[in-house]
Structures are given as structure tokens and as C-alpha cells.
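Shown here is one chain on its own, the form predicted on its own, set out as C-alpha cells.
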């Protein structure tokens, strides 16, 4: 999958979430119009075991509801407004299902699916997601990532042809994840906090046949630094800015 995309890859973090409500169809569709090479989304299960796309474990930050996502049925979640917290222009934008996202943009782009069952790490999320991926014939168009290494191990068994991205927190905790969790997970990409990314980390990953996709990069100066030291891709809330920055770097190189 990753080899098919020109590097560096611009991945819209939760869609074009600087310009539209995160993890909504509006944000994903806007990301593609802004030139994103791929989108990133967060998957978890509702109370009735449906795969919904929302980042937080609770619904409170991005909707008017209260409580954990997995305490709400899909029908209840669909009644929530996931757009007004961003701007009144998006009032009524619903929490989408993964099935809906696949139907809307699955054949138009590549999708990084973060398995976010951090509150219920042993639930059926990997199996439910794998079933949807198979149904839509998207196993060659998805990348799975998570901080939950158990979810990554399980999704690897279910869809062995899809690449795995190991998410690593910033600082010393990320170093621990890369050292010991990395031995347990057969991953193709490392997803570190962008502040931890330097030329040495990139060279080490490349020597192992792995790629570096840095999160979450929203300032132009950070984008420039990472692009110039050879990062394979970035997650950004602002794919339009990332695309513009890449174009400007390319123009300056052609002038030189």
C-alpha cells in the first residue's frame, strides 16, 4: 500500500480537522479536496458492537452527550451532533460508522485505521473492523495503527497483508515502546510523536525496511524540518498547509 503513494505522504489526521469537525464525513471529504494522500480515523465499538468513528473514549468533547462511547448503542450515537462543537455550519453532522466511511471514500484514498479500544482492550474491535475491511475489499488500501499492541497482534492475524503502524508516545515512553513492544509486533511503520523524529531515527527505521510517519504536525516550520530530513510521511490536521509546504519546497529545489 505505502509504496503506491508518493513520499512524503500527507495523512489527514481525523480528516481535515483544522477546517471541519474531526472524524466526520465532512472532514474526510474535505481532506481529499485539500490534497491529502490518505486519511486517518479512530475506530471503536458502540454498546451494540458496531464500529463507529470517534476519537475519545467518551462522547463529551465532540458532542452534546455524556458518557463513554461503548455505553451508547449505534442508534443513540446517531442522534448526537458531532459538528456544532466545531462550527454551527456543521450542525447535525453525525458520528459516522466505519462502514459509511468505507462507502464514501474507501475507493478514493488510503485509510489509516487507529484501533482505539483503549478502555476495552480485549473487545471484538479487531474482528469487527477486519470483517468490514474484507467486505469492502479494502485490505490493500488500509494501514492499522494503535497504542494497544494486543489489537495490532490480533489484526495482523486477521488481515496479514495489511501494514501495521506502531504508535509510540513522546519521550522516554516512546523509546520503551520502540524497544520492547516493537519486539512483539511485526510492524512496517513507526508512528512517533513528531518531536522525537530526527535523521538518525529515520535512518535506523529505513535500515530495517520500515517507514516513519510522524504525528501530529500542524506548523509549517515543523513540516519543513521533517520533509527536509526525509520523513516518509506526516499526520496533520491541515493537509492543505502540508501540500502547500511541499510545493514550496519542491519549487525552491528546482530553482537551485
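Numbering follows the first chain given and starts at 1. None of the values given here were measured: they were computed from a predicted structure.
Separately, the form predicted together with a small molecule exists; it is not shown, and the next lines address it.
Looking at residue 215, you'd find a heavy atom of it within 4.5 angstroms of the small molecule in the model of the complex. Taking the partner from the other structure, the small molecule in the model of the complex has a heavy atom within 4.5 Å of a heavy atom of residue 42.
Contact annotation for residue 147: at least one heavy atom lies within 4.5 Å of the small molecule in the model of the complex.
The closest non-hydrogen atom of residue 138 lies beyond 4.5 Å of the small molecule in the model of the complex.
The contact with the small molecule in the model of the complex, taken as any heavy atom within 4.5 Å, belongs to 55 out of 49, 225, 206, 55.
Among 133, 98, 77, 167, the residue placing a heavy atom within 4.5 Å of the small molecule in the model of the complex is 167. Judged by heavy atoms within 4.5 Å of the small molecule in the model of the complex, the contact stretch among the candidates 110 to 118, 182 to 190, 148 to 156, 86 to 94 is 110 to 118.
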